[in-house]
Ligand SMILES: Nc1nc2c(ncn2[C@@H]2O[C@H](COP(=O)(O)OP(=O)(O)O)[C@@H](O)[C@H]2O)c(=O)[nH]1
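Let's start with one chain on its own, the form predicted on its own, as structure tokens.
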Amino acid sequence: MRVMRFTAPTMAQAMRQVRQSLGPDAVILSTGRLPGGGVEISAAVDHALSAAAAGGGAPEPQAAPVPEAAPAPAGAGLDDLARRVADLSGLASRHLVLSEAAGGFAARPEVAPLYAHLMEQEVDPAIIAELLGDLAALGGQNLLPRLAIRLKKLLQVGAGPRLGPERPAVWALVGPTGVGKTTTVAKLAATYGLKHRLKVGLITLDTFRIAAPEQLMVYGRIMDLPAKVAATAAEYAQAVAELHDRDLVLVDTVGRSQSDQENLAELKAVLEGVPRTLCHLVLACPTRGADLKLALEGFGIFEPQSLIFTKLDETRTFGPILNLVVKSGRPVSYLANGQKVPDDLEEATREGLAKRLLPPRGGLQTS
């Protein structure tokens, strides 16, 4: 098997290099972004299999030295064997998906530009396979509308606060450090207080950062909204009780690492002071896909009702949003694309998310 690495400014250009150098039977082994900009693809082609597929027959197998088997670790048994088989099965399944994507989609001129664009957007290869599937077989020159329909079916969006008989509705924004939770709370407060004419109250549980409580207090004074500070479950319950005349209470929380389970559990205990609190997970869109997945897992203890993505103005890669929605089954409720309060906040829609993921009309290169 011949393995080669290709680098280019864009994923589409790198894919063209792969096809030109290794042909339609190439298998994508890995993709990544380079520190200085651009992308890198590792690809391979098994010339023996290619020859066999072309009717040339497979060459005689060559003898190879068999490495000495490592001694089994103490206690290894059926459970360990089952785990190894499961790991190999997972690798094999992913290999098949990547092989279909590279050897199938990249080699078909009808969908190759769409495939390259989705890869550049860092959409998971398994999701790309689901999106493109038999798209070329449907016929027609312009496949973008069909791809848009499939994207919208995969995407999920959340609704605004539901105001039931028990007032106020309580929303808490949780998430890692530096994702913009406080600014997002202010944007939501302005949106629902000014646009939807709801009576909004603010609470901050962030007594960890210096001047963090004062930041929310300033927002409250500017918008003429009551704001409270709480540090314990009892103080939080008291603060919500004091805001009983509000329609909606928005709660800012301290940012924590997703791996800091001790402090996350402590925050959860505080929020449980008001059992009807609904949590929403705030994530920064430019974050690496693997780190987004870790954040979703770490903050899963809060059972977030929706995902809120911030800093969309700092990236042009939106595939991780789709990946997270598909894998978590949780909807996206809001998108923040700047620092302006409340202008740079929009309710998430399937149309808006799909538009960000699709290439511009006329912007696809076929060769």
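Computed from a predicted model, the values in this text were never measured in an experiment. So that there is no doubt, residue numbering starts at 1 and follows the sequence shown.
Just so you know, the form predicted together with the named molecule exists too; it's not on screen, but the next bit is about it.
Just one listed stretch, out of 125 to 133, 147 to 155, 238 to 246, 169 to 177, contacts the named molecule in the model of the complex at the 4.5 Å heavy atom level, and that stretch is 169 to 177. Taking Gly38, Gly300, Pro331, Gly338 one by one, only a single residue has any non-hydrogen atom within 4.5 Å of the named molecule in the model of the complex, and it is Gly338. Comment: the named molecule is not present in this chain, but in the model of the complex one of Thr191, Gln215, Thr277, Thr287 has a heavy atom within 4.5 Å of it, namely Gln215. Mapping the unseen interface onto this chain, Lys181 counts among the residues with a heavy atom inside 4.5 Å of the named molecule in the model of the complex. In the model of the complex, the named molecule stays beyond 4.5 Å of every heavy atom belonging to His117. Every member of the trio Lys187, Thr310 and Glu314 reaches the named molecule in the model of the complex with some non-hydrogen atom inside 4.5 Å.
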